[in-house]
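As structure tokens, one chain now follows by itself in the form predicted on its own.
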């Protein structure tokens, strides 16, 4: 597969390229003629970085801040979703009757609720009731400046901490349901002969599962899991509805203030594409490395 030769361009390929190019050209022409839209791309770099006139230093502006928040939100959500989905997947595949029932209830409930509804439910119940009662935001405000900066770097600013935690939890629970099914499928996909071979070597059921079955299951599930992680990045855009200042939210704020609708949204689209495509290429690289080893 790795030595597969590159196919030459065909007439169909050229026709597709010409059609896409003509479509893009037609879009921009209609933008100017019908909407009388005036492009202003020069303003966009200033929304990534701005120079403080007093100190002369550059600081992150709204788009870069939003990009950073999207990264943090995605990383936290993916980490929690992985742990939650793995536990649920193991219970679904190897648990007893109660464990399997809990896993099925979690998966079927979450998968049949729109992610937007789940995010809003979490925001109004978890953030407004639970986190406010715990005083999490106030606790962050009372910490020393270095601790506050560290929390801001890892999570969010003190005024945004409740919404950020609520959004990360909602996304993690939503994505964890899909990860649960991926892990359960990976475990069930390992042949029964692996169990018998491990037992014949004297391994206990727990060690057989931990040392033999689970590594093979994760190898089988690695690339579906990676695809789910990419989906988590894209799904993070929905938390803009609860005012988490991630990339989409910052883009909407900028659009309302500047009316640079198309410049802002094209830029945001490219940022999401860069993020997800980079992850996709990284996964593809490791896929080839694993193919070589096998």
Partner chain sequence: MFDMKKVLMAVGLILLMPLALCLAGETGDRLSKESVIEKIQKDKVIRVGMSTFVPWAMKDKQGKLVGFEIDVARQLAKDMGVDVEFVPTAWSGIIPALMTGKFDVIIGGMGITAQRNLKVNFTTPYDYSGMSMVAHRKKAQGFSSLADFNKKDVNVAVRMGTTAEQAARKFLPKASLRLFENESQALQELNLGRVHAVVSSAPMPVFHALKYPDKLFVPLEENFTKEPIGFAIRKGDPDAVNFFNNWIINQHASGFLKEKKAFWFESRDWEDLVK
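Computed from a prediction, not measured in an experiment: that's the story for all the values here. Residue numbers count along the first chain shown, from 1.
Note that the form predicted together with its partner chain isn't included here; everything after this is about it.
Proximity to its partner chain in the model of the complex, taken as a non-hydrogen atom within 4.5 angstroms, holds for one residue of 159, 192, 146, 96, which is 159. In plain terms, the part of the chain that comes close to its partner chain in the model of the complex, with a heavy atom within 4.5 Å, is 252 to 260 out of 22 to 30, 252 to 260, 223 to 231, 66 to 74. Using a 4.5 angstroms threshold between heavy atoms, residue 181 stays clear of its partner chain in the model of the complex. Contact check for residue 57: every heavy atom lies farther than 4.5 Å from its partner chain in the model of the complex.
Using a 4.5 angstroms limit between non-hydrogen atoms, residue 266 is distant from its partner chain in the model of the complex.
Among residues of the shown chain, residue 219 is not one whose heavy atoms approach its partner chain to within 4.5 Å in the model of the complex. Of the residues in 104 to 127, those that come within 4.5 Å of its partner chain in the model of the complex through at least one heavy atom are, in sequence order, 123, 124, 127.
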